[in-house]
Ligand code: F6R
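In structure tokens, one chain follows: the form predicted on its own.
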């Protein structure tokens, strides 16, 4: 399975409160900014939720709440609305008789909410999820049952969703809907369960059903029924799981890093659902003078964006390392600084943004963590939608940063007249096709095992590219050295003859990022220079590029995409190459030495 943000859990069993808490603890790696449960009892539905970790939440539960045989639980990673009690799931309708938990991103929630408010609905949160119980409430008012109301609501919703819903009017069931976001059903001797991921189910059953796309499920204590959202019956197909708990948390993968590489198509799809209003506001804030700043992988995302701002928006926006920002930038008054950080707590980036604000600049924050220091200190922020990332080496968080910045570039280009509305619509359509292209790459990364084994004992490597993929090469080199401890350096390929080429000798590894973009012709000359000195060439190329296949000793093909999207598809094989090299050298790629997930000290 390919998880996204948040974790949901539901059960029909004798001790639902205890099982809910235990299940959520096994899903906490999916989200940990807030938690909540909903239970059906004699008095209707009782909802208890709070900001913070599950252990603290469980310790504070009143004994009076611990009763019920049907319930839902949720552990949240915020994407809409900051982490707080009001935004925690479950969410209810106006009457409090419907409760819903949701994993996914609703693209059109703003327009849905506006319509619901006009029709008299009262909202208590700033989340996208809350539109679901209110839409279901309208269906039930029209005489629909819980299942039919959920299906009706799903038809009005655009975006990804794994939804579980309960109703005080139908207290013997849980209704679930799946579109894009993962949903697993477990059938045990003592109960029936639903979850975002397999680990939460293993203590109760090893018989699971992976819910197909566009499916509604009705769970009762005596079993389940499934049908498509169009009403066609489906036959449940249980699968026996023989993973241990550690493997289950990793989705059956040996390491979180490979699991998270596999999650990138869905993470990208979710990030492409960022509300256009947020992008427009950020784009309008970027004036005549602007800078991008980040550290490590986030700096590479900034560098990629600087090329795109120049090519697409005709705007000269420089990328600056956060740690060097105060020394590298003099006059900030009236300018805009775009700060990029996965955690939103990176000390160097926070320091750069604090300095920028002090000097009179406006700040746009791009982060994966709502409620982080960067989101609270930004004039406008954009939240990427990759969900928690456990592996220290950034993978899906880097791709979602690229996707968020791509969208910002096009929004800014439209705002300043560098592209037309028609061109903007065309770019948006192209972006929406990217998850499928990324999936096609992810499906084939296993082909790199042999390449990684071949080169795993080399001492040095150069990663080379031109144009927009210079940052891709830098990121590939960073991944290799941070998890495999092989010395690797990334360079603009044209700079290699100004010093680096002196190290090249027989068998020296040169990794070229050379898709069919505007820089391809110039890269070929650099490849030949390296090959003439005995280097072995491993190339990332576009499908069917026979000329580069002939030049290369090893190669990996990516699908043809628009030029601005090549950094996204070309990064994935470099991530996988680094992973397989690390494993071949006997290292744990999830825990590279001397590194931490979030660097919170200067």
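Numbering follows the first chain given and starts at 1. None of the values given here were measured: they were computed from a predicted structure.
Form predicted in complex with this ligand: not shown, discussed below.
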Among the candidate residues 482, 128, 263, 137, which is the single one with a non-hydrogen atom no more than 4.5 Å from this ligand in the model of the complex? 482
Can you pick out, from 478, 268, 286, 380, the residue that has a heavy atom within 4.5 Å of this ligand in the model of the complex? 478
Might residue 298 be said to contact this ligand in the model of the complex, defining contact as any heavy atom within 4.5 Å? yes
Do residue 99 and this ligand come within 4.5 Å of each other in the model of the complex, heavy atoms counted? no
So, residue 168 and this ligand: in the model of the complex, are they within 4.5 Å at any heavy atom pair? no
This ligand contact in the model of the complex: residue 110, any heavy atom under 4.5 Å: no
Please determine, with the chain shown alone, which of 392 to 400, 422 to 430, 191 to 199, 309 to 317 has non-hydrogen atoms within 4.5 Å of this ligand in the model of the complex. 392 to 400
